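There is one chain below, alone, in structure tokens, taken in the form predicted alone.
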């Protein structure tokens, strides 16, 4: 099923407040988003950006002030949530506490007066998909299960209904790291097997990348950019997108482009000819990722000196990181093993650097995905 969200706005006004709707920023501000049949779109963004509100609106639990939500080109404004064919998974599990795991899975069939044989067969099919040990959970009271086990039952209860749309609101945020990884794998396997259209809401960028065919990044109730991880990481629409993605912070240098060079404070770096031709003279902000710095030679005039606060070894990633200041900006830099805090001089890799407007954050130049092959 295709989902189309067309120019949707949602505004809240706190009850008892003297402020009017015009005084409050909208929770959703003219959002448009298209999810193809069978596609999983991860909706990600900082807290309070409107992710959960958008999911609830698609589910029918909220009503838009303006705009339309379409299921396969049908306006569903007047269709109640229970009639939309959706399966929802929440971060708080929302299981029926008086029932065992099997009862939670069978409840849908009991309400819809399906046969016992159909209910049992469907539960067995889902148990096989959910993996080793799941059948043991079906015979236990849900209140005796761990958080990870409860979430497995909640996901299975969603799947057993054979929905045409999955809506998942941070479903594994409460699990520890190891359980989160294994549950994420199970969910990805389920989505791939059933090919059900899915909206997956999360604040975790790694989770968004793993689960989504595409990623929609929200900020203050607006969709900032939609695309694959490579598109958002290597071709960000603005500085916010570039800063949001990446396991380590982006270095942002206030600078000026002049005389075919970048001038940041007392530092000047000459630009490659092609890049110098593309960039107009004037103030900019330069974004450099930790892996996009190059260590220059020790001779005077080569590179910008880095005032290093700390050298960090990351054995799991076989990396050495230097933390400090370059050209007046905080920076984290991937450096060769054995690097010391003294005499470190850096040059941006201009093939991997991005340039943004000094005032409006709009991307002036982005490197695009690297050619790995």
Partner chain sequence: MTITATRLTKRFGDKTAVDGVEFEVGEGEFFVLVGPSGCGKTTTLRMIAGLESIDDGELRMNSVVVNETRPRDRDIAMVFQDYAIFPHLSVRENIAYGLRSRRVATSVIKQKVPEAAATFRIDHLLRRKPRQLSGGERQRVALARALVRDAQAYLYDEPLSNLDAQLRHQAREDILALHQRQRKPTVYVTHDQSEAMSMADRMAVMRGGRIEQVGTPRELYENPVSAFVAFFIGTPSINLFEATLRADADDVWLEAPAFSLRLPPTTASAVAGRVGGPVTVGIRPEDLHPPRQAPFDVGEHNKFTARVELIEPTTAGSTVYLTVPGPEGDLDIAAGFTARLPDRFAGEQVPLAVDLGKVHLFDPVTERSLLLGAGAA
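Since this is a predicted model, take the numbers as computed values, not measurements. Residue numbers count along the first chain shown, from 1.
The same protein also has a form predicted in complex with the partner chain, omitted here; what follows describes it.
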{"item": "Three-residue site 263, 355 and 367 fully in contact with the partner chain in the predicted complex at 4.5 Å by heavy atom", "value": "no"}
{"item": "Proximity of residue 233 to the partner chain in the predicted complex, heavy atoms at 4.5 Å", "value": "yes"}
{"item": "4.5 angstroms heavy atom contact with the partner chain in the predicted complex for residue 209", "value": "yes"}
{"item": "The partner chain contact at residue 30 in the predicted complex, heavy atom, 4.5 Å", "value": "no"}
{"item": "Contact flag, residue 192 vs the partner chain in the predicted complex, heavy atom cut 4.5 Å", "value": "yes"}
{"item": "In the predicted complex, the one of 85, 249, 254, 139 near the partner chain [non-hydrogen atom within 4.5 angstroms]", "value": "249"}
{"item": "The partner chain: the contacting residue among 291, 259, 72, 162 in the predicted complex [heavy atom, 4.5 Å]", "value": "291"}
{"item": "Answer range among 163 to 171, 116 to 124, 222 to 230, 279 to 287 for contact with the partner chain, defined in the predicted complex as heavy atoms within 4.5 Å", "value": "222 to 230"}
{"item": "Those residues of 307 to 323 which, in the predicted complex, come within 4.5 Å of the partner chain by heavy atom", "value": "309, 310, 312, 313, 315, 316, 318, 323"}
